[in-house]
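Quick setup: one chain, the form predicted alone, written in structure tokens, and binding and motion questions come after.
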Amino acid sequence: MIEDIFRAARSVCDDAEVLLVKSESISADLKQDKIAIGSRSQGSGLIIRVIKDGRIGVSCTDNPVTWERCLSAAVASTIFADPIDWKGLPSPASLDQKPLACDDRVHPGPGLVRDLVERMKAGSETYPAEITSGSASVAVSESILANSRGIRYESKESQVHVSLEMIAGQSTGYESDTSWNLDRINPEKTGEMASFFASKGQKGEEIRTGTYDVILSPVAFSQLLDAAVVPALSGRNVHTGRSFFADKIGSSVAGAKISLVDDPFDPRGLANCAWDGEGLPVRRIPYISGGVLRSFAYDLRTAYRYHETPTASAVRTGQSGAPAIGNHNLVLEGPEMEVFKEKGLYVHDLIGAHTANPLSGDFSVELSSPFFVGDGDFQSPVRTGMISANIFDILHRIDGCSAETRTLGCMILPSVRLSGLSVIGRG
């Protein structure tokens, strides 16, 4: 079928690209401590992208048999695109096509999902709290990326996910975990931490407005990075005047010992790969190195439009599955320290991080599951509080990072300890 598509495309466009995907998944949803809903799904998808006279068109279908209509729709959509100086899709490279994010032990079957649920429930018994909801899911997908220049890359991916929400009195706790590798998923800890935040979060004390050392969990820190830092690294935003980093290449944008890199080969990541969403060989990209801004992210379209070098940063997102600028495994590196050793305010989650101003970096968020910490452990819960600060300023305030990291979507992050943040309380 792929060859049929390219034969038909030769007469109607200059370049063509095909992504063919099939997937299978199974999941279970909890209502209290019982499995309430179980579901299994299988699907396939076809995404066709064409380039005609420098104009890009995309179409997709969940029924690959209808590829002719899909191709026609892709060609027709080119009339709505602005022309660019298109320099061609990539040619084949000598790449190892061994899957980098697939565990052959992962099979979408009820036995594995049931085992994940039971292990998570066992962990939830660590602290006195009740389960309100949760889920476990297992998925496997296979894909073929091909283009009219001769590329044909095949990959297989697996993913395992667990989440749990619990309550004790008026206090709630939530935790989740995701991995492609069964050895890296920890349902027991997910259950334990959900019960911890619910149980130990009761009778929290009010916090006085003032300046504190704050420890952001990987979850909280990822929300701030996603709100402003990641968009600021996009080459498209840089050239359209929507990036705080636009004129700062070679300048200090973080603490001198802080680096932010995209590493598509990190085994902890969920998006490990040898090629990006357009078939370009990937590499490790140091966006920030030693506190200095070194690079931006470009896909083919943006690089060609603005006469830049592509960085193999295309990922497949959205309903259309069209490639767009993104990250594979965004890793924060910094000096390791015991972030709980000295007294500070630990923040597990943030409410409202998505409202941060992506251009200025200013934000005002409510704290979720905050605790005072010290002497290497949690000390006492805090009822509530708010932080108003600037995301880009925070990058200069990182004193150290925990040795332990978490994988959250396309990020691999430690907890970070920040000095001198203003916290607004009721006291």
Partner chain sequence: MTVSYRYYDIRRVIGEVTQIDVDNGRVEQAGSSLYDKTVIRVLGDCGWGVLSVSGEEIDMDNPPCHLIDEAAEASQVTNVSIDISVSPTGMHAVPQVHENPADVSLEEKVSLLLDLDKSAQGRDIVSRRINYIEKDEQVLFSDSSGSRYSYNLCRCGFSVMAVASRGGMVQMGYERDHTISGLNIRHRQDLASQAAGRACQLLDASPAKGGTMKAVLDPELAGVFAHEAVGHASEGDLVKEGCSVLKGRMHSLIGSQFLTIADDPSLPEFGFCPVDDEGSATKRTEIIKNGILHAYLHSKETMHSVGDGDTGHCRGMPGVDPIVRMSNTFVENGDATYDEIISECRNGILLKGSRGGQVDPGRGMFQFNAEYGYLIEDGELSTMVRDVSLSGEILQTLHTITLIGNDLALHPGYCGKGGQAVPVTDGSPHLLLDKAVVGGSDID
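Residue numbers count along the first chain shown, from 1. Here the structure is a predicted model, which means the values were calculated and not measured.
Omitted from view is the form predicted together with the partner chain, to which the following refers.
Using a 4.5 Å heavy atom cutoff, none of Gly150, Glu278 and Arg397 lies near the partner chain in the predicted complex. Segments offered: 281 to 289, 155 to 163, 252 to 260, 352 to 360. Contacting the partner chain in the predicted complex at heavy atom distances within 4.5 Å is 352 to 360. Of the listed positions (Lys203, Lys98, Arg114, His107), a single one reaches within 4.5 angstroms of the partner chain by any non-hydrogen atom in the predicted complex, namely Arg114. A heavy atom within 4.5 Å of the partner chain in the predicted complex is found for one listed residue only; from Asp53, Asp393, Asp377, Asp62, this is Asp62. Among residues of the shown chain, Ser402 is not one whose heavy atoms approach the partner chain to within 4.5 Å in the predicted complex. Using a 4.5 angstroms limit between non-hydrogen atoms, Arg268 is distant from the partner chain in the predicted complex.
The partner chain is not shown here, but in the predicted complex it comes within 4.5 Å of a heavy atom of Arg301. Using a 4.5 angstroms limit between non-hydrogen atoms, Asp183 is distant from the partner chain in the predicted complex. Of all the residues from 160 to 189, those having a non-hydrogen atom no more than 4.5 Å from the partner chain in the predicted complex are Glu165, Ile167, Gln170, Thr172.
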